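Below you will find one chain, with nothing else, as structure tokens; this is the form predicted alone, and questions on how it binds or moves follow later.
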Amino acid sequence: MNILIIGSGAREHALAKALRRSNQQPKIFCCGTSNNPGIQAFSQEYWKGDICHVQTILAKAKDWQIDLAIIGPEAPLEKGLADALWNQGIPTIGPKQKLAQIETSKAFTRDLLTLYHIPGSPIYRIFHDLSNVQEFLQQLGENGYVIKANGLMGGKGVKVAGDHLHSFAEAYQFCEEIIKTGQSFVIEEKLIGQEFSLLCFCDGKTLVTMPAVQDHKRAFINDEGPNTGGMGSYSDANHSLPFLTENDLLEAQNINEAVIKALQTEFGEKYIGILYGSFMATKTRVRVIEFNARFGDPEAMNILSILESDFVEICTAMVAGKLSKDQVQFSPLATVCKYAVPNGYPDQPVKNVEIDISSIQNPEQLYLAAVDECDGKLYATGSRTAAVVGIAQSIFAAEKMAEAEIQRIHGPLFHREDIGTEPLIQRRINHMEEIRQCVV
């Protein structure tokens, strides 16, 4: 079986490792944006170029006689790559263009939740110009709003009152910046609580939920600094999180299922691939932050590293509409993922600097991301560079493994030492206890 991976980051490195573990021993092919030696080591053929150029990817898929494609990042989904591959008879993990709007359009998602009476959406309003912006901001309050560009902006399209925006004037200026890019935007109520990710496999009708994960967006320890693509993440051995209740997980799962049904009703098309709900556990119920139409990064490393089932079998079941819950098993283990990133990341990262991974002791749990290989040397290209995952009976034991390993990556890099540590997680638990006990 010939399987094509689109993308060349750590998420795609995790996909390649999961495919390689399959008893079916598929032949792996990759179309990526850089020379990722981790993925190249598993690949029969590896092409570097623009992965959003649909016709080029199609030509490669036909030339390589691809039987199944897996789309890693969101940008090719927005360009309709899944549609094109299916039209060429190539089953694809990743929703078609209209369905992918659940990630690629914030306005579409909010309106879909409203139209189909799906719970959890915050108060929101969609803006195509600056009219009435100031009035709505004042309605939500000085620290009570979030501003989101409607479309994809490479992780830089969302700013939160109190964290990134400290006055109505700054908020209005950010709205002006979005309008200048030609985009509309959404202003919505700021949610208070703890974020978590709940991903699921989907074959168009059946959803199978994966372990819950908490990502860490802020660049520096103690959740300080600017937002990033994600500095690391953890999952617990019971596949929940220490601050979540059983009902929190059930509510999030029900929302994911309702969204899949709504999308099929809306477009008459099956959603085949990964649905990733980003949720906020709040005082009263689970609320929706956003959805992604693919594996999260870093969440993919946590989840796939403890997947016991055959990943190829899961993928083939998804595209055939034959997915069942008993096909998907995860080890009862905790994971901690930590990212090494270039100095200056995310605002002014050093670029094309040499790094050294030769001291890594467990290469199976090393995931290369924004790197390029040239003349046998490895270079960090400016975004998140490499991730490591610790796996153990407890989060804290997994954290110690991840921390020891990430220290073995050498170069002008830094990471968040606090991800998965007892003080950080206890703060999360205390925060949720305070919120839940708060009497209005």
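These numbers come from a predicted model, not from an experiment. Don't overthink the numbering: it's just position in the shown sequence, from 1.
One more form of this protein exists, namely the form predicted together with adenosine monophosphate; it is left out here, but the text below deals with it.
Asker: State yes or no: in the model of the complex, is some non-hydrogen atom of residue 190 no more than 4.5 angstroms from a non-hydrogen atom of adenosine monophosphate?
Answerer: Taking the distances in the model of the complex, the answer for residue 190 is yes, it comes within 4.5 Å of adenosine monophosphate.
Asker: At the 4.5 Å heavy atom threshold, is residue 122 in contact with adenosine monophosphate in the model of the complex?
Answerer: Residue 122 belongs to the contact set for adenosine monophosphate.
Asker: Since only the chain is shown here, I'm wondering whether residue 217 would be in contact with adenosine monophosphate in the model of the complex (any heavy atom pair within 4.5 Å).
Answerer: It does: once adenosine monophosphate is placed as it appears in the model of the complex, residue 217 has a heavy atom within 4.5 Å of it.
Asker: My question is simply whether residue 96 lines the interface with adenosine monophosphate in the model of the complex - judged by any non-hydrogen atom within 4.5 Å.
Answerer: Residue 96: no, not in contact with adenosine monophosphate in the model of the complex.
Asker: Any idea which of 167-175, 326-334, 284-292, 304-312 reaches within 4.5 Å of adenosine monophosphate in the model of the complex, heavy atoms considered?
Answerer: Careful reading of the contacts points to 284-292.
Asker: Quick one: of 250, 350, 160, 126, which gets a non-hydrogen atom within 4.5 angstroms of adenosine monophosphate in the model of the complex?
Answerer: Looking at the other structure, the residue within range turns out to be 160.
Asker: Out of 237, 360, 280, 84, which one falls within 4.5 Å of adenosine monophosphate in the model of the complex, going by heavy atoms?
Answerer: Contact check passes for 280.
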